[in-house]
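Single chain ahead, written as structure tokens, the form predicted alone.
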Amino acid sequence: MPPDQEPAIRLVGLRRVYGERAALEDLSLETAAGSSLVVLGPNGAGKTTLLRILATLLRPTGGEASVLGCTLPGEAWKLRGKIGYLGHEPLLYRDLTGRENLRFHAKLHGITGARAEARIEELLEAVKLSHRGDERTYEFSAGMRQRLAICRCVLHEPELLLLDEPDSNLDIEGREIARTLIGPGAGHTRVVVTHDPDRFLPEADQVLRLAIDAPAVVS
């Protein structure tokens, strides 16, 4: 990272405690804008906790966190419109159609009218769901819901993508489709949580290895 460039993510001694258990302890790192950080570790090591802190969904217990120049948690409100978050749940309304779901999320980000419709059609076409876009999402397969959730994640063209197991429920074709929207090289900074290092390590500019009851390792 150039010395005069502000990191997209800066963590200093970050800590998150649940009761008496520390999910994250003394985590420090800097991630450059436009790069891909891959987060590895066993269940319970704090991977999803970290992602939820970066997504402003969870407050850290201690330490410092700055994301896209916004200090957390105090400036979380400034950050939310710059983030695309893909978690374990697709965050879709099952009784709405695919298009209706995307229109709802477009409004949340202030995208309306012809601009919204054009963006929605562009994304549905990209994930090969344009012909199914007027069906309610409870009729979708798990893989189709994941594709639609990816559309939701990138709808507002965020600067930072926070991706928790982004390949969940996707077949080989679905993974290749998803890569065009949330893969490296598209101008986003990415944080990818995965249990599949063989798949994502080749795309990593930086790797964070979390462990239970052991210090984190950044490489």
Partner chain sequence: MTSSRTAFAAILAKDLRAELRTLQSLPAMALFAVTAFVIFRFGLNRSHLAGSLAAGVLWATLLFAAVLGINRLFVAEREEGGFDAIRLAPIDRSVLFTAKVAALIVYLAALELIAVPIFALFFLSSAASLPPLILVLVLADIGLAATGTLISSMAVNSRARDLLVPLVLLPLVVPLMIAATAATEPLMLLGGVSYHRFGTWLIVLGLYDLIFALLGYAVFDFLLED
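This one's a predicted model, so the numbers in the text were calculated from it and none came from an experiment. Residue numbers count along the first chain shown, from 1.
Missing here is the form predicted together with the partner chain; even so, the following discussion is about that form.
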Inset, instruction - Quick one: from His105, Arg132, Arg145, Arg119, grab the residue that has a heavy atom within 4.5 Å of the partner chain in the model of the complex. - result: His105
Legend entry - Contact assignment for the partner chain in the model of the complex, among Leu155, Ala32, Ile177, Ala55, heavy atom within 4.5 Å: Ala55
Legend entry - Residue contact check: His109 to the partner chain in the model of the complex, 4.5 Å heavy atom: yes
Inset, instruction - Look up in the model of the complex whether Phe140 has a non-hydrogen atom within 4.5 angstroms of the partner chain, and give yes or no. - result: no
Inset, instruction - Check whether Arg115 has any heavy atom within 4.5 Å of a heavy atom of the partner chain in the model of the complex, and answer yes or no. - result: no
Legend entry - Close approach of Leu72 to the partner chain in the model of the complex, 4.5 Å, heavy atom: no
Inset, instruction - For the stretch 91-124, return the residues whose heavy atoms include at least one within 4.5 Å of the partner chain in the model of the complex, in the order they occur. - result: Leu91, Leu92, Tyr93, Arg94, Asp95, Leu96, Thr97, Glu100, Phe104, His105, Lys107, Leu108, His109, Gly110, Thr112
